[in-house]
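Heads up, the chain below is alone and in the form predicted on its own; it's given as structure tokens.
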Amino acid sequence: MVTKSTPKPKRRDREKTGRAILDAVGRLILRDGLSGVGINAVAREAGADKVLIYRYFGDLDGLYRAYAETGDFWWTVEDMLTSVGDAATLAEALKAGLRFHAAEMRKRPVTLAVIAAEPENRTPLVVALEEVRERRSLDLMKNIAARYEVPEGADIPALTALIAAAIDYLLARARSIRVYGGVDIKTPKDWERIFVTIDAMIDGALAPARPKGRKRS
């Protein structure tokens, strides 16, 4: 008599499933907005049992924190410092860093969707994303301060916060609107025009401070 063997249970690829769950969070934000992200919705979107979400991430807040930590949402400090490279002055470093920031934001439609919606959607997901963003920004400022002499009276965190906020807002707006205040904001050519003015603002705010220990020629 032929007996059917019991099929071996499929091994779950935890990394693959975890990635699918995190990717589902991003798709839900883009399609349904911040309020559309919940355990049941994520499980359906990922094609996974919601039990796995609890097993891998602990709870909904744990899922939010894990998503916030992924490189897909925000640049890493290491990548930002690489973009700055061996900039000779603080002004050059800020110019390079802000250009990198803008380029990275363009690659992240989910991030731009969150930026556009977060003032009116103070959800736990928004808070988790903000915590990561703030921590990385503070870490970056510490690295910059360690590398360069800061001119007396120059408030680098305030300067970069104002310019980065303007970049974020214009890029979020550019997802559906091509102009702001009579300035085109859609194309790379438009942004070259914007960065000419950003560069002038930085030059006006800073003296040519050099990396610590580097002598002027």
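Everything quoted here is computed from the prediction, not taken from an experiment. Start at 1 with the first residue shown and count on from there.
What follows is about the form predicted in complex with another copy of the chain, which we do not show.
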query: Contact residue in the model of the complex, chosen from S137, N143, S83, T76 - any heavy atom within 4.5 Å of another copy of the chain; finding: S137
query: One residue of E118, E104, D72, E131 in contact with another copy of the chain, assessed in the model of the complex (non-hydrogen atom, 4.5 angstroms); finding: E118
query: A41 within 4.5 Å of another copy of the chain in the model of the complex, heavy atoms; finding: no
query: Heavy atom of G62 within 4.5 Å of another copy of the chain in the model of the complex; finding: no
query: Contact flag, I53 vs another copy of the chain in the model of the complex, heavy atom cut 4.5 Å; finding: no
query: 4.5 angstroms heavy atom contact with another copy of the chain in the model of the complex for S176; finding: yes
query: Whether S35, I194 and M201 all lie within 4.5 angstroms of another copy of the chain in the model of the complex by heavy atom; finding: yes
query: Stretch from 62-70, 160-168, 43-51, 144-152 whose residues place a heavy atom within 4.5 Å of another copy of the chain in the model of the complex; finding: 160-168
query: Shift in CA distance, D32 and K186, in the model of the complex relative to the form shown here, given it is 3 Å or more; finding: closer
query: Relative Cα spacing, V77 and Y64, in the model of the complex - shift of 3 Å or more; finding: farther
